[in-house]
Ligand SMILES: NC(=O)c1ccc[n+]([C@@H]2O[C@H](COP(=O)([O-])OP(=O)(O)OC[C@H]3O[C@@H](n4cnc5c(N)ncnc54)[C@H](O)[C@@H]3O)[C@@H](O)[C@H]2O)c1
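A lone chain, given as structure tokens: the form predicted alone.
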């Protein structure tokens, strides 16, 4: 057990916060939730009873003034990330913020510099780096089993239609960004991690749900840093369980990762390899794989605070993903390829 538990304040109690909360609860020997904040006081009252002595707040400034809070976990709409994270760092709190890091790259740069200046841990809740299938893919790529990488295709899709149609929710509203900002940061982070990043992008966007104010479908084409082509699709209008699919094709073979398929990961070596090879150690669990990866990201950040080490997710890589999204947005506006 740690000599002193890391005391956590949760800011934002929406649906995404439950996985984060579960992560802290599983680490009861080394951390504890001591404060909760949300504009919905009913939600605070529903959850605060689970944590003896925890304080509830309707405004984040009041939570940050609590000297008992060592770190904050921010799970609020994207457009609020910057102001809350900046205030938390200025109050001397370690900060874990949901993706994207901010909605403007200059804001992200400011936060990274501020955290470094203050000597505080600052990271982004990018669960991609904790997904078992992608960790296995990293191993296979390092072994060179697929040869030189030529093409990568990705898909992140599911349905947010009911939320976009609800006028009381922020999803689909212009100030908060569309599906490209919300989802493609995951793939751009993955591209940076596994392939060194991207060279250029060409973006396309469409809006299928009339009640929405921003795009709900995105298609992004481009080249990875090694010259390989990539295709990135994202949508929040697919009426299926949320899917993440990654296809990696190289000079010796190809690998397919699909969280809705069983087995989840399989690679093939040549056109005659009909059976392929199942990558062991990746459980088929379409309901829990994402939840479990979020628990792992929380655990890593808490341990980074305790062990005084860098978190596994480098905030600079999360910033890179946001800059890639900004390049896509510029491409869509100018209707041409944009180089990063």
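Model, not experiment: these values are computed from the prediction. Positions refer to the first chain, counted from 1.
In what follows, reference is made to the form predicted in complex with the named molecule, a form of this protein that is not presented.
*Asks:* Using 4.5 Å between non-hydrogen atoms, is residue 98 touching the named molecule in the model of the complex?
*Replies:* Close contact exists here: in the model of the complex, residue 98 approaches the named molecule to within 4.5 Å, heavy atoms only.
*Asks:* Determine whether any heavy atom of residue 328 comes within 4.5 Å of a heavy atom of the named molecule in the model of the complex, and answer yes or no.
*Replies:* It does not: once the named molecule is placed as it appears in the model of the complex, residue 328 has no heavy atom within 4.5 Å of it.
*Asks:* So in the model of the complex, does any heavy atom of residue 81 sit within 4.5 Å of the named molecule?
*Replies:* Residue-level check for residue 81: yes, a contact with the named molecule.
*Asks:* Any chance residue 201 has a heavy atom within 4.5 Å of the named molecule in the model of the complex?
*Replies:* Contact check for residue 201: no, nothing within 4.5 Å of the named molecule in the model of the complex.
*Asks:* Pick from 127, 187, 234, 102: which residue has any heavy atom within 4.5 angstroms of the named molecule in the model of the complex?
*Replies:* By the 4.5 Å criterion, the partner-contacting residue is 127.
*Asks:* Please tell me which of 66, 277, 45, 40 lies within 4.5 Å of the named molecule in the model of the complex, judged by heavy atoms.
*Replies:* Looking at the other structure, the residue within range turns out to be 40.
*Asks:* Heavy atoms within 4.5 Å of the named molecule in the model of the complex: which stretch among 269 to 277, 27 to 35, 286 to 294, 308 to 316?
*Replies:* Stretch with heavy atoms near the partner: 286 to 294.
*Asks:* Scan 133 to 164 and note down the residues that get a heavy atom within 4.5 Å of the named molecule in the model of the complex; none is a fine answer too.
*Replies:* Read in sequence order, the lone residue that approaches the named molecule (within 4.5 Å, in the model of the complex) is 163.
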